[in-house]
Structures are given as C-alpha cells and as structure tokens.
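The chain below stands alone and is given as structure tokens, in the form predicted alone.
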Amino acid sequence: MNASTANRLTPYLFLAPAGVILLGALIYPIGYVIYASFLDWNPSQRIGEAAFVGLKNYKKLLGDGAFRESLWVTLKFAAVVVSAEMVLGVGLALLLDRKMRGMSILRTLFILPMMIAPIVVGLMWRYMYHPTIGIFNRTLVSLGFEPVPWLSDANWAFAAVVIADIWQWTPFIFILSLAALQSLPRSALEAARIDGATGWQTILYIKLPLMLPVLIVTMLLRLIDAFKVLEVILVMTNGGPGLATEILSLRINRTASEFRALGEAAAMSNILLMVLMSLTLAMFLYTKAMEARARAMRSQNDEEA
C-alpha cells in the first residue's frame, strides 16, 4: 500500500469503530422491530418461534378504531403543546433578553421544571388536579365556582395533560431561543436602531428571521419528543377517561404489556417512526429551501453592489 492510498483510507479507519457502534446500536434494533411487525409474536415465544403473517398486523391496525383514535390524540396533543410552547418559550426569551438585576436567578428558575423527572411531574399534577383536595378545585370553590372534573372528563383531561406538558417543556424552548437571541449579530440590531426601527419592528423583521434556523430545529426536536411522551400521561390519566388522553406511545405500551401482542406493538412503533421521519424530512426540506433562498438573496445583493 502506497502513501497516497494510506492517506485516503486513514479517515475511514478512524471512523470505522463509530460506524460499527452505530450499526449495532441503531440500525440493528430498528431492523429488529421492522421484522417483528410481520410476525404473530407474543411474550411466551422467542422471536424465531413466531409465525410470519406478512402485513396482517398493519391491516388490523388500519381497521382498529382504538388505534386510529390514539393516533389522532397524539397528533392533536403534539400540535397543541408544541405550538403553545413555541409561542411562550420565544416570548419569554424576547422578554428576558436584557440586562436586569437578578436576571440570572430568574432564568434559572424558568428551567427548573425541565429538570424534574417525568414520573414526579405526573404525580405532582395529578394531586393538584385532585377533585377534592387538589389546589385548583380548592381555589375555585373558595372563589365561589364549581369544581372542575379535571381528570374524569374527556375534554378537561386532555387540557390537563396539555397544561402539564407546557409547564414542563416550555423552558426547553426558552433556553434555545435565548441562546439564539444572544448569538445574533449586534451589527444588524444596531443598524435597525439607527434606522429608527421600533421594538416590535426589530423583533418581527430582524430578530425572528435571524432566529428562524434555530427555531425550526428546536420545534422539530420538541415535536419528536411530544410524539414519544409517556410517563406523565401514564401517571396522570393512564390514557383515560376512555381514550381521551391515550397517545400512541401509551397504546404501544398497553398492546405489548396488557394485550401481549408484540407484533402489533412493533407495527404501531413503525407507523410512529414513519410519522416522525416524515416530519423530519419536511423540516429538512424546508430548511434547505430557506438556505437556498438566503444564498440567492446574498448573490443578488452582491450583484447589485
């Protein structure tokens, strides 16, 4: 082997261990789940003993009303919580992006909910929503209002888990948005100030457009995580009442553990994976389109100059 060939192969040799780990820790489990979704498999069998049934599990899911309801609840939950968290998180970042006494302490307090274990969050909110001793209903009764069936009514239960998720994960949006704000080029902000732009104009036409790449990635990360949430809802409502708060991850867990249908659970997992991959691809294409647009605008400005 000559020196030129060795130089070309050296980077690949250094990457080989990471590639092997990636193959074993990522690709193999995904392939395992895909293969399991074509089997009539239960926990009493080894996977090699399960009968191959082809697309039967997928066909069964498409005709399963409970699965379709869980998928709809998941989509609705993810859309509501991510939209609210983006608005609140970015708004808080814009509000706190300034020099004030005690601001560092205030920022630390904002991120505390994100540090609490999901099981603890679920228990905490479950007790606060308690129909008789919970702080919310006790406050309502003391003010002369009727108590609210937070976890026993379908609509209120969905709102309850949404509020809990927003409380816990808005700090995630806040941290990344604040970091994006503090990394903005000061020259652009100074130019806007000199040109007489108001605070709202600076936010709408300078800060938010420059933050957009970070906000897109942040929204994608939070959206993926919202599709996978399990512990908080499991502790608060266990998917009830009825199927009002049974998101897809909870349905997968129940199908595998209670119904002992591992093949169907694997098929559900693959459908959830396809949904997440579609979202990721859409965000990736949108980001590429925005980058291409920015390059075109820079080229046009250079030609005009």
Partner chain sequence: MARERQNPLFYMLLVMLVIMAVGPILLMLATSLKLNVDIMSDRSSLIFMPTLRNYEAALCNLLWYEPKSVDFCDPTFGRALVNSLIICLISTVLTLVIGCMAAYALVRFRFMGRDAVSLSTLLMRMIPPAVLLVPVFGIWTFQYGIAGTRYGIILIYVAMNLPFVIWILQSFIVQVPIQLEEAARMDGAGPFQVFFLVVLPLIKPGLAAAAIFTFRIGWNEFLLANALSDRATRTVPVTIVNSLTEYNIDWGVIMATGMLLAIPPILFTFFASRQIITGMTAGAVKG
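Bear in mind that the values here come from a model prediction, so they are computed numbers and not experimental data. For clarity, a rigid core is taken as the largest C-alpha set superposing within 1.5 Å between two forms. Residue numbers count along the first chain shown, from 1.
The following text describes the form predicted in complex with the partner chain, which does not appear among the structures shown.
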Checklist entry - Does residue 63 reach the partner chain in the predicted bound form if we count a contact as any heavy atom within 4.5 Å? => result no
Item to check | Any non-hydrogen atom of residue 147 within 4.5 angstroms of the partner chain in the predicted bound form | outcome: no
Next on the checklist: Can you work out whether residue 252 and the partner chain are in contact in the predicted bound form, taking contact to mean some heavy atom pair no more than 4.5 Å apart?
Outcome noted: yes
Checklist entry - Though only this chain appears here, would residue 167 touch the partner chain in the predicted bound form if you measure heavy atom gaps against 4.5 Å? => result yes
Checklist outcome for this item: Which of 97 to 105, 70 to 78, 153 to 161, 192 to 200 lies within 4.5 Å of the partner chain in the predicted bound form, heavy atoms considered? The stretch 97 to 105
Checklist outcome for this item: Picking from 244, 50, 53, 273, the single residue whose non-hydrogen atoms come within 4.5 angstroms of the partner chain in the predicted bound form is 273
Checklist entry - Exactly one of 140, 84, 206, 221 has a non-hydrogen atom within 4.5 Å of the partner chain in the predicted bound form; which residue is it? => result 221
Checklist entry - Of 157 to 196, which residues get within 4.5 Å of the partner chain in the predicted bound form if you count heavy atoms? => result 167, 172, 175, 176, 179
Checklist entry - Can we say the CA of residue 280 moves by at least 2 Å between this form and the one not shown when the core is superposed? => result yes
Item to check | CA of residue 28, rigid core aligned, shift of 2 Å or more between this form and the one not shown | outcome: yes
